[in-house]
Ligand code: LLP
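The chain below stands alone, shown as structure tokens; this is the form predicted alone.
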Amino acid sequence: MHNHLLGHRTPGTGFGPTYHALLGEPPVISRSPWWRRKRQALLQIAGEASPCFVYDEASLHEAAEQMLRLSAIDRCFYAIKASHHPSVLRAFYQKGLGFECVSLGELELIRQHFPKLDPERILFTPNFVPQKEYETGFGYAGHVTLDGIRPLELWPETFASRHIMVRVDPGRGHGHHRHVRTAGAQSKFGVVPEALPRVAHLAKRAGATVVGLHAHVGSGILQRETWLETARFLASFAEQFSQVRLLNIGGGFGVPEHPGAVALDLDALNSELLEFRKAHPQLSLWVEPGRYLVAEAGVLLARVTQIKKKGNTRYVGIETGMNSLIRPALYGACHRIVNLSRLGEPCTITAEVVGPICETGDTLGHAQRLPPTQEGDVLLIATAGAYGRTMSSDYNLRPPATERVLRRR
């Protein structure tokens, strides 16, 4: 490990060896969705608590192990905005991941669950927040990221004698929808490259030391070259800050959502980043995935309430909607939907899967292929472990889906 600020790193992990690495075994990768194997347990939960999100604890550990196999990465911080269920946080704590927080509420939640957690395992990346959040953030987190110039201009005393990271805008975002692209003029995040000399000047005047650069271009990305491009982009500015020793190349690791989509090749990504490390041995690499670690580990279960046909369009209504899972309405996100009660039966109908919310946009899935479906059947919405419950609401005064966990045996 080259960065004396971070301490010793065990290759291939965020903060320590993985379970499989200790045993000398390769990580286990499921050949089919976990929910197929655990259908009966899910149907039982649906009978007790529908609608509800269900998280598979074994899948959480498996996803963490896949990410920790990236030996080119020195530290992995889980973005807790994706899901802050206690079992999710505990699983990643046990795997040795750090936690990326974007608000004081998230920082306080992590301290509540893990009061003895080393601050080095906490990364704070706020944006457009008041001075108090920076002041408190430095007390909670071992690493704080500056998202703009203005805080250094307004409150230089807050950053005196502090080590900080700076978020840089690469100018172009990536992702499946404009709302998940976090770079470019249309995005509120980061400092434009031409303003970095000004940042260096203000940091020096305040007595702060810039030790790292950060960029995050979007979410749901399956093109592995994205992170190598980001690393090269950040490295090109490292010389402007004499103490920069780490590059946070962000998250956004995608999971396949559409039929035929090819999964992100982590092994190939790792090989490319290792080559980057050879060319830049003085620089450490960090990542901060959120959805990749939890999306496939969670599903949303809901019973069918009514069937309706209007002309050639068939509607299958379920007992919860965008109040529980807003991603389809907000991002145009695609989630696989199956009839868990009739899993394995031929899919002979095409239907719009909708919820009970009084909005035209309350559609969970368009043109879904399903077996003949009846009221009372349990539908399963897959890859719903991330940005489900954390973004839910009681709109229309309908309570969102609750949460359950399937424990590892």
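Not measured: the values here are computed from a predicted model. Sequential numbering from 1, following the sequence displayed.
There is also a form predicted in complex with this ligand; it is not shown, and the following applies to it.
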Problem - this ligand contact at Tyr331 in the predicted complex, heavy atom, 4.5 Å - result: yes
Exercise for the section: Answer for His143 alone: is it within 4.5 Å of this ligand in the predicted complex, judged on heavy atom distances? Expected result: no
Practice task
Determine whether any heavy atom of Glu106 comes within 4.5 Å of a heavy atom of this ligand in the predicted complex, and answer yes or no.
Solution key: no
Practice task
Classify Gly251 as contacting or not contacting this ligand in the predicted complex by the rule of any non-hydrogen atom within 4.5 angstroms, answering yes or no.
Solution key: yes
Exercise for the section: Just give me the single entry in Asp74, Asp169, Glu296, Glu288 that has a non-hydrogen atom within 4.5 angstroms of this ligand in the predicted complex. Expected result: Glu288
Completion exercise
Exactly one of Arg327, Arg121, His85, Lys95 comes within 4.5 Å of this ligand in the predicted complex through a heavy atom, and that residue is Arg327
Exercise for the section: Could you tell me which stretch in 192-200, 131-139, 297-305, 217-225 has residues with non-hydrogen atoms within 4.5 Å of this ligand in the predicted complex? Expected result: 217-225
Practice task
Output the sequence-ordered list of residues from 381-399 with at least one heavy atom within 4.5 Å of this ligand in the predicted complex.
Solution key: Tyr387, Met391
